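Read the single chain below, which is given as structure tokens and is the form predicted alone.
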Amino acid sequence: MQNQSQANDFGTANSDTYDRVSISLHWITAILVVGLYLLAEIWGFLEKGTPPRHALQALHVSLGLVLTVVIALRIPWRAFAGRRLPQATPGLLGYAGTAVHYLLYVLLIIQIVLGFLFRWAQDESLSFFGLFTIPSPFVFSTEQRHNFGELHETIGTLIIIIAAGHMAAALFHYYVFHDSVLGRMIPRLNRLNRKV
């Protein structure tokens, strides 16, 4: 009962959509993940050690810390307070969709940890827009720095690929199945469909 009342306090008017907090955290996560990936791709074209490259990396670190906070809020909200909806699709497709959600959460947590470790392994503190820094509590070898960097890049690409598949599946539901799966995270679509 408590979970349901909390979801209603922060929720949308319709029970066929996620609550407002869940929707907001979902889209903030998506924007941050894409933005972080694009920043890394852009600075790859810049010469090492140049101020523009350093500025993009500093922005990447700061936004990575924002993502850390968002995920730290999103997971307990989803587990304890957010509105729970039944599986969007019955059977194996439904279980596959749920598995993709959990896989993305796991990969995001691993990616955040790797981001911290990689930055520290470069003998750099984590700086949040120059307001404060988080120094490294560990000492790392050159080999560890290389390994963290490779894993961070690989998992970042994997997250983008899986997220793109997740988005494609939601669009497929909307345009081919004509169901309300996409409307769970974009409530306006459900309202439009009711008017048609």
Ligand code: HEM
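Note that the structure is a prediction, hence the values are computed from the model and not measured. All residue numbers refer to positions in the sequence shown, first residue = 1.
Keep in mind the form predicted together with protoporphyrin IX containing FE is missing from the figure; the text below concerns it.
Although the partner is absent here, Gly115 lies within 4.5 Å of protoporphyrin IX containing FE in the predicted bound form, judged by heavy atoms. Put simply, Tyr37 is close to protoporphyrin IX containing FE in the predicted bound form: some heavy atom of it is within 4.5 Å. In the predicted bound form, none of the heavy atoms of Phe128 sits within 4.5 Å of a heavy atom of protoporphyrin IX containing FE. Although the partner is absent here, Gln57 is a contact residue: one of its heavy atoms lies within 4.5 angstroms of protoporphyrin IX containing FE in the predicted bound form. Within 4.5 angstroms of protoporphyrin IX containing FE in the predicted bound form, the stretch 90-120 places a non-hydrogen atom from each of His101, Leu104, Tyr105, Leu108, Gln111, Ile112, Gly115, Phe116, Phe118, Arg119, taken in sequence order.
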